[in-house]
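Each of two forms of one protein chain follows alone as structure tokens, named structure 1 and structure 2.
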Structure 1
Amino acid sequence: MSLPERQTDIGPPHYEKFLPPVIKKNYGKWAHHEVLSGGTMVHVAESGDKLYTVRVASPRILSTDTIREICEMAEKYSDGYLRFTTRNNVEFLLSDQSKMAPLLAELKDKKYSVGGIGPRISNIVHTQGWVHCHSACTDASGIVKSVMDELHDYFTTKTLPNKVRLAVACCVNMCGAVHCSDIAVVAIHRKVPVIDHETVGKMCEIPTTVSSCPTSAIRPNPKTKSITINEEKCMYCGNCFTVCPPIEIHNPQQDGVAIVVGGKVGSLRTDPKFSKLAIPYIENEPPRWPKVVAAIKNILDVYAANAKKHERVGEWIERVGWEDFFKLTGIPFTFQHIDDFTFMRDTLRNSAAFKY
């Protein structure tokens, strides 16, 4: 199988122009791969050619100096070839095995974390947080740093029953992958937005503001030349604040995070799964979020101790039952766990049998 020649006059260049020569040569003709260690692996082609991968964690939001440093190491050891994974890991792609040891030594000397391959946690995919996003309910970089400091061994050396994908989303719009990750944090607003009626008419287009609401909770108020919000329909998503800043959604005393579990993208063994609610609310506690970190570590440790080999978090929960999940983790079951969405019938147990 050969790569076709493609040329476009818009958009980014075609990816084939950036493939390492060994991948171009063996495109579509790889025989197998083998995990060598927690952060290294090798792909073997039918021709016998080998491609070695060294995976390194990154904080996702990188400084220019860090990017330059990573690129310099790629030039030195992997002929300038590297890639970023979908979960913000950096992978150096080497065709020369003799360069692996010097690369690993330099990464260690510069205090980069090598790991995330095989039955371990991967790097956390996350959204922008307070650094860049104007509607965030929590921070991303702070939570990610705190969580990964605690779970660092699960990235580098300690193994799990299967790979575990972590994610953080800073509001329910979920720019991150929290809806399909094994353990994830989704930040939430808990109060209806406060409207500055005097400013709404001066700064906002009323029709645009009304149409921004996914639940039709916003209606125009011609008398005040502003809007009204039906509190029963409001889902606290903050879309209205995005298009109309005088509708203030932020509340430092009420904003916080929820933790969801059991999602996955892969279809191996079982179908892909959406994440489901485990902990409805934990308050923001910057800069280290100790309760959030403890809750995630607790779930991960219980999963590691009780799941069978190859089981993902969601598969383990479905095998033992949600009752036992709450019992084993010590997480209290509350009314927020009861799904009362309009179309929730598809998610309900339809038999009289309870699984304990």
Structure 2
Amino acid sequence: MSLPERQTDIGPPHYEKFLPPVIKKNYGKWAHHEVLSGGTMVHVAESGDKLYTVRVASPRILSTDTIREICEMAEKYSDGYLRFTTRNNVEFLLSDQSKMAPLLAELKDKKYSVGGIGPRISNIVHTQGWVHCHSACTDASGIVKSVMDELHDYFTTKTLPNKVRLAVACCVNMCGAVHCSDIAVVAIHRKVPVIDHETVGKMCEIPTTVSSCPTSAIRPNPKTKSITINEEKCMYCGNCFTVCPPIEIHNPQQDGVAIVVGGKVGSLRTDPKFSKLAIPYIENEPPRWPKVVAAIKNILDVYAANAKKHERVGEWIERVGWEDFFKLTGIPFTFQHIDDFTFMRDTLRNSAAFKY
């Protein structure tokens, strides 16, 4: 079989090919928008033209079958035009308002979830997990599914003081904005890696492995042609495992997840913030991670009950103070909460004013 002629360095197709006529016409000339429901909105151009958006949840892992089904609905209701959001939702782009109701009816019929717009919970940004990644110490998709089943009403209809951005990372590499999310799950290790010395000598570049360690816990061991790890210095980041796979960091009985809170990326009202540690460890409980789901629900409920309108999770916590966050949520405060790594100076309190 002969192949079509390959081309190199052509880059992606130009986006203009995929823009509906109403966008082409009003590009850069949008006047305002209005949220019509949890999953629909209308953008109005200076010309008066209107663009209706219907947003639908996706598990991010999509089969070609489902993508074809989505395409067929787009052909039926939005002249074939659709897009995806940075949080992996699907958006149908309609220029004809009369097609919105039948699209929503078909989506309901096919059990799609319409939502994610406004002061609600949008899709959870997440990583590959056990589905596809070598360094995963939990499954991202399973946690996402379990959490969103529980919080589904906050995607479709119920509102919160402001939007709440959730994320799940299946290891500390964090291929997702976990480090700046309102509430996020990050999988962690808790044990020093176990070294297969024979294979290390054959497979790994020793200087690279030594320099991969952020706490200088790794030293070369000329006798074994391998390395040794100073157990007191290791904080289980797994960076050595990334450069040298025979340094086994995974420990299925001890690996689990931490919950971090209060991050954001926007500069609205307050500066962007990193997420901070709320719960240092919850064990992995597949298939539905009930303790993780309950922990997130608890934090969300306390936020919803206590935050002022428009306050993000991190803004609410900074207003009331972290001591109140731990009191209100009932989360125990532990040694793990006190930074003893690169951010220690910034995070310890040096004021005589605080709450009980």
Partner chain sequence: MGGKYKTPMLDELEKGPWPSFVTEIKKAAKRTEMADDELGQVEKSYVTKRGYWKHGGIVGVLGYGGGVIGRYSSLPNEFPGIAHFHTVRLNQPSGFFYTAEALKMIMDIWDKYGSGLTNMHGSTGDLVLLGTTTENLEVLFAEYSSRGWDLGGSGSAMRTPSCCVGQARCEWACIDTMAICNEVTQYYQDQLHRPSFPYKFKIKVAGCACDCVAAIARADLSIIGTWKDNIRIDQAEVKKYADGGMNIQAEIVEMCPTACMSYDGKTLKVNDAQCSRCMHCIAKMTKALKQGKVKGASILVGSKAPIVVGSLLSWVVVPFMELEAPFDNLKDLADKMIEWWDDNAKPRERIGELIEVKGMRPFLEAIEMPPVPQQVKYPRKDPFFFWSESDFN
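Predicted, not measured: the structure shown is a model, and the values here were computed from it. Please note that residue numbering is based on structure 1, beginning with 1 at the start of its sequence. What we label the rigid core is the largest C-alpha set whose atoms superpose within 1.5 Å from one form to the other.
Chain form predicted in complex with its partner chain: structure number out of two: Structure 2.
Option at the hinge, rigid-body rotation between structure 1 and structure 2, list 313, 188, 142, 51: Considering the domain motion between structure 1 and structure 2, the hinge residue is 188.
Angle of rigid-body motion between structure 1 and structure 2, smaller part versus larger, in degrees: Treating the chain as two rigid parts, the smaller one turns 12 degrees between structure 1 and structure 2.
- prompt: What's the distance in angstrom the Cα of residue 216 travels between structure 1 and structure 2, core superposed?
  reply: A shift of 4.3 Å.
query: Taking the rigid core as the frame, how far in Å does the Cα of residue 204 move between structure 1 and structure 2?
result: For residue 204, the C-alpha ends up 3.3 Å from its position in the other form.
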